[in-house]
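Considered here are two forms of the same protein chain, supplied as structure tokens in two stand-alone entries, structure 1 and structure 2.
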Structure 1
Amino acid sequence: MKRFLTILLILASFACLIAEEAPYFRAKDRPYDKGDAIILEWKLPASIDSLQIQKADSLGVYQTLFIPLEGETSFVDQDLTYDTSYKYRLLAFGAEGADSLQLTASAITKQNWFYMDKLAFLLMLIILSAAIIYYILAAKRGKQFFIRRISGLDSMEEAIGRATEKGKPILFVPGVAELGDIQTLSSLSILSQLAYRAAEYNTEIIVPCRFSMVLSAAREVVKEAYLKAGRSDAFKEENIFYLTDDQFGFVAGIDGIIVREEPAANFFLGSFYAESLILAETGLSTGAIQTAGTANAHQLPFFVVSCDYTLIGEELFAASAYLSRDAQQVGSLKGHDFGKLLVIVLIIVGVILEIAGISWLKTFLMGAGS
């Protein structure tokens, strides 16, 4: 028995050796995906001069899919349909006098239940969410948290006060993105607080919107704020209006409002692109007190230069919690701080490991978990 097993082992090793040396062409379903790709791999003798990969169409006729460059040994055929069988053919042409080869392979695309390359993101999300929920629950139990002052938000009272004194309106622009953008939602949360205070001071608030969906949400937000302040009679629906979907048409409309109405305070909060500087500079020219905020990092310098106060990145998302002073929301801000600490630790550890020549952490975090 022992001798038989030894012979079997030797034969198997020999077979493996032969298999490694022999030319092959394999097709396999790409693991951990939504069943939309097949990986093609091949190994050919050195005598091969050029090759071509073909794919069978719905009638079974082979069409050229890809002509690999010299040295390439794999290809990913993408945008496929799941649970479908695909046939491939590799045509390898030998150099002058050498044999040519024709190899075929097939595979079926399969949908999987997890994107393994997103494992690091999932772990980070779970840790951050757990931290945020923990701090929210701690705040619910009555724990007090310190949050640093955000002068851009503290200035809101000043801006409203100035508008009231001058008898001029407040202009609020909720960005140029659709309602599905989280920056627009954060902007509307700030609008809610601002409209409440404006209602208390009996100051008009003008809200031009780029999209109809944003318009309907903004109207609801301002209306509720006026109701909450007990000033529903002062609510003017016509002050929250749609301008245009066109980016620069929208800017032209707002610039017109700024120049004609001369609002005493301008708020540009949300997602902004090329229009940020045009809006902020026009506002500056009228002498209005300006507060801006966006998470689009490339627009921040423009706002910093032209506005009195700027909410940088995360401050826009923290604004609602900061203004409401709601314990649970403030608790969630502590969760953000924990996230920052985690990122700082990961960066330091990552740098040390990379210097030491160990790169598994970087590979894992960059999504090569599959």
Structure 2
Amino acid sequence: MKRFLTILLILASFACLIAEEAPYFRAKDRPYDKGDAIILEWKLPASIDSLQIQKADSLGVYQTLFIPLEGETSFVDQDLTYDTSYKYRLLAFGAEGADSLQLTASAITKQNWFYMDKLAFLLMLIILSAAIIYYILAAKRGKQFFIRRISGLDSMEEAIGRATEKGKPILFVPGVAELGDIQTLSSLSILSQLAYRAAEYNTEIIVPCRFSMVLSAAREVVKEAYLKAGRSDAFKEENIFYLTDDQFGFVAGIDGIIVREEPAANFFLGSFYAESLILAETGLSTGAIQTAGTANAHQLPFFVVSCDYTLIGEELFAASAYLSRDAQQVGSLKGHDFGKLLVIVLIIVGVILEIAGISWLKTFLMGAGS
């Protein structure tokens, strides 16, 4: 009996050895992705000298896909179409006198509900959303948050006061972009505060618009501001009007208004392009107080040299919270500031880890950007 058990043990060990050494070639869908990659894995006898991996095209003809280097046992075929079957063939060539192998495998690409390489995005979204909600709730409870002084907006009272003293109107241009542009929306938020102040001082405000949707929104914003100020009777709908969709025709029309009406204060806030210097230069020639702002960095130099005050980049987006001190807007602004701080910290920590030869943070974040 003891001898029989010994034989069984030897046979089992031999079977395991054969199973471990059995060559294989496998293809499988890469998990947690958008269905655009297949993982190929193989194990071959030590006698194999070289190999190549082939892939069948739409006609079923195999074409060389990849020639692995010595020691490589896997390959990822990427940029594929989801829910599609792909066939592969591995050709292994033995050393002199050894047998060659030909193995085939196939797999179907599948989309997944969650992409693991987007995990960093998910975590950052959760953290940022939690920060925004926290700051909004804190602001509603009465907590006062510091917002850096924006001199261009502090000048609003001065500009309106000057226009009132001179008996001249205020010109407000909400950019040259459509209503869907975030800069146009930010511009209209500032227009609401400006129109409210103008209504209090009984000063006319002129708002030429390039697009019909912007015109409708601007009219409603100004009308609401006059109602809020208790001066609905002073609201003049004809002062918010449409000029033309043509970019330089729009600019020419505004220049004509500046020359004829000579407004005491000009506000150019929103998205601007080649017309920025034309507008600002014409306004400068009339001696008006000019405040400009845009997130288009390539136009900022023209506004800086020809305007009294310039809102640079994101100052345009923070303007509404700065002026209104509305709890929801202030909380949202502080939450986004927290997100920027988080990104800065991640960059600094990532650089330090890379210098120290530790790459896990870079790998994690680079996966989110792929």
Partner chain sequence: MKRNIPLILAFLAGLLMIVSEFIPHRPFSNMVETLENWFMIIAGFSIVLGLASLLQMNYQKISTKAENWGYHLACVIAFALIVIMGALWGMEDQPGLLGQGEKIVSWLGKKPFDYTYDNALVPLSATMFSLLAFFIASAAYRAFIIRTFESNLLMISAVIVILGRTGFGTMLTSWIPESYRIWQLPVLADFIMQYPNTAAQRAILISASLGIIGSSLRIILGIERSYLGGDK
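Everything quoted here is computed from the prediction, not taken from an experiment. Residue 1 is the first residue of structure 1, and the numbers go on in sequence order from there. The term rigid core refers to the most C-alpha atoms you can superpose between the two forms while keeping them within 1.5 Å.
ask   = Pick one: is 1 or 2 the form predicted together with its partner chain?
value = Number 1 is right.
inquiry  = Rigid core aligned, does the Cα position of Q52 differ by 2 Å or more between structure 1 and structure 2?
reply    = Where the cores coincide, Q52 still shows a C-alpha shift between structure 1 and structure 2 that is 2 Å or more.
task = Establish whether a shift of 2 Å or more occurs at the C-alpha of K168 between structure 1 and structure 2, with the two forms superposed on the rigid core.
result = Shift of 2 Å or more: no.
Core fit, then N112 C-alpha moves 2 Å or more between structure 1 and structure 2 = After core superposition, the C-alpha of N112 moves 2 Å or more between structure 1 and structure 2.
Between structure 1 and structure 2, how far the Cα of I348 shifts once the core is aligned, in Å = I348 is displaced by 3.9 Å at its C-alpha.
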